[in-house]
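Single chain ahead, written as structure tokens, the form predicted on its own.
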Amino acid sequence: MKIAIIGAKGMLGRELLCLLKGAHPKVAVDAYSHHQLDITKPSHEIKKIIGNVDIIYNCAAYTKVDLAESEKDDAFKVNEYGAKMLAEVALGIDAKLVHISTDFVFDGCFDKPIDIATEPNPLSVYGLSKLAGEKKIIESGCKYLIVRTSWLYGAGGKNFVDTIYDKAKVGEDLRVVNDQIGRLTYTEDLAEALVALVDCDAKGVFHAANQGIVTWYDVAAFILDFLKSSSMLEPVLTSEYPTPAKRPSYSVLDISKTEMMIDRKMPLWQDSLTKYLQRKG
């Protein structure tokens, strides 16, 4: 089997590369950074670079949620057109495309975990561009596995956990929103779920995130407690912390389909966050 990882320098791409090389030593894995492979190039140019592979993991994306409101063309170029180009490649070489999507495809108007079959309704340009990418993949006719995730953190990329950690280490006081509800996701756990889903020959759309429902305030409080930080933590409403892009107030993904497919529970967010913070320390 031969595998290509696109966006291999990002948080998730790094974890996937490490996992696949360790867990599947007999599998050939080629990893490409943005500079090595630009998914917005025509599909024939991408095909020249990756050749014939069995699995394409697409971890490349435009993820600057707030900037996307003023950089709409850039967001859609990567998240929609780029996804379309990879789907064309996958179809042409009969490979499976594993594509990472997001909870931002939903509007947050829920009071229970969001099922796979729920109709998306993005609130932001970022969410719209990611949903457009999903649609291009599905329409392409290629073999695909689309996995939506949420609140991602891990080594090698900018994320909420690292931001809070750095501020708490120096005792900086914090104001964190307490009315956005979702699931935290550790890149290591997501990478393991992706590989397990592929090993099970999963097809279609899945949701994957850590177990447990939290607010951003909960996550910050956990980090401060872990560090025994002197920082003061104040809960605030989203309306008190305006951002260019509107966030879904409730984006708890229903992960039961994934857990059933891989025959195990996703790890609890507290356990995974503890592991990550211990490694940082």
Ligand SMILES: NC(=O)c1ccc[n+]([C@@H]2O[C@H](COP(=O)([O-])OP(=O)(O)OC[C@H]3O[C@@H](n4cnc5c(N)ncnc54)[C@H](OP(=O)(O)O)[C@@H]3O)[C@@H](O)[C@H]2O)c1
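The model shown is predicted, which means the values in this text are computed figures rather than measured ones. For every residue, the number given is its place in the sequence shown, counted from 1.
In what follows, reference is made to the form predicted together with this ligand, a form of this protein that is not presented.
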item	value
Option from 100 to 108, 138 to 146, 116 to 124, 163 to 171 whose residues, in the predicted bound form, bring a heavy atom within 4.5 Å of this ligand	100 to 108
Candidate from 191, 85, 152, 128 lying within 4.5 Å of this ligand in the predicted bound form - any heavy atom	152
Contacting member of 37, 29, 53, 214, with respect to this ligand in the predicted bound form [4.5 Å, heavy atom]	37
Residue contact check: residue 9 to this ligand in the predicted bound form, 4.5 Å heavy atom	yes
Distance check, residue 251 to this ligand in the predicted bound form, heavy atom within 4.5 Å	no
Any non-hydrogen atom of residue 78 within 4.5 angstroms of this ligand in the predicted bound form	yes
Contact flag, residue 255 vs this ligand in the predicted bound form, heavy atom cut 4.5 Å	no
Residues within stretch 45 to 76 having a non-hydrogen atom within 4.5 Å of this ligand in the predicted bound form	59, 60, 61, 63
